[in-house]
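Below sits a lone chain in structure tokens, taken as the form predicted alone.
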């Protein structure tokens, strides 16, 4: 077979495989075009959808602030550790990611409930750890922190340690070197890590439905609407949920790809 023909067949094969993969991943979105009857925004409860959007945005944003503050130094530490010490730091992080959501919700409800020592202390301080904003935020932090840390660790591990060494030689202390050198160089990787944590927290249902059924965020409200009104009561909030959840990770991936692309 001639080289040109063989090359053409190879391109055709890869093109067909790419088209099939694209169709596979995009096909579920055709569900948005499926006729299900007249859409109902509030599904019989006035203000429920808007309240769910507000709860998700406010409390997920608050959770992400903690994830960034606690997860960034932890990710940097993981990127620098070696051997058994790295495993010691990494094992609990991975464990939080591997727990099934329903099991995680039950464990959090038990460990933070009034029957636990910490739960009694928090309740004595007036902090409710069940069906409260605090329970919502704590659950989101737990389900998303591991994803941020692992992705951010990869961003830090991809940096040349010599940059930090050079900064130290120029008189920068460890914190100054981290803030002025490491963070700017890893910013796109950290943005991708944050987008992953954002989607994970925003879309959490299994754990949240146990620890914080109230106040209802978007995933729980979608479930309530489905039970009360069927698909017509789900569709408007589903579209809004996708519009809120997807742009951040999409933009982060595009920026990372543009940075990685070779310049002509």
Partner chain sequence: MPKKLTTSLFVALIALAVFDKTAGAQRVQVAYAGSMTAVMNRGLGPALRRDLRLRLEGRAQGAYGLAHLIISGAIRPDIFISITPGPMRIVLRAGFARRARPIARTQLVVAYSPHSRFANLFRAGTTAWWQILEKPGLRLGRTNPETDPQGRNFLLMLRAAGRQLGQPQLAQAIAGKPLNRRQIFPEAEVMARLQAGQLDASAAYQTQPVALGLPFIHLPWPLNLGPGSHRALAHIRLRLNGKNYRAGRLVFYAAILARAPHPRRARKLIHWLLRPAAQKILRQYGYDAAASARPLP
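Positions refer to the first chain, counted from 1. Source: prediction; values computed, not measured.
One more form of this protein exists, namely the form predicted in complex with its partner chain; it is left out here, but the text below deals with it.
Participant: Within 4.5 Å of its partner chain in the predicted bound form, heavy atoms considered, which of 32, 50, 36, 57?
Facilitator: Spelling it out, the residue with a heavy atom inside the cut-off is 36.
Participant: Taking 4.5 angstroms as the cut-off for heavy atoms, does residue 26 touch its partner chain in the predicted bound form?
Facilitator: Residue 26: no contact with its partner chain in the predicted bound form.
Participant: With the partner left out here, check for me: in the predicted bound form, does some heavy atom of residue 199 sit within 4.5 Å of its partner chain?
Facilitator: No - in the predicted bound form, heavy atoms of residue 199 and its partner chain never come within 4.5 Å of each other.
Participant: Under a 4.5 Å heavy atom criterion, is residue 114 part of the interface with its partner chain in the predicted bound form?
Facilitator: Although its partner chain is absent here, residue 114 would touch it in the predicted bound form, with heavy atoms inside 4.5 Å.
Participant: With the cut-off set at 4.5 Å between non-hydrogen atoms, does residue 175 touch its partner chain in the predicted bound form?
Facilitator: Answer yes; at least one heavy atom of residue 175 falls within 4.5 Å of its partner chain in the predicted bound form.
Participant: Specify the contacting stretch among 144 to 152, 124 to 132, 184 to 192, 78 to 86, defined as having any heavy atom within 4.5 Å of its partner chain in the predicted bound form.
Facilitator: Partner-contacting stretch among the options: 124 to 132.
Participant: Which residues within 95 to 112 place at least one heavy atom within 4.5 Å of its partner chain in the predicted bound form?
Facilitator: Heavy-atom contacts within 4.5 Å come from 106, 109, 110.
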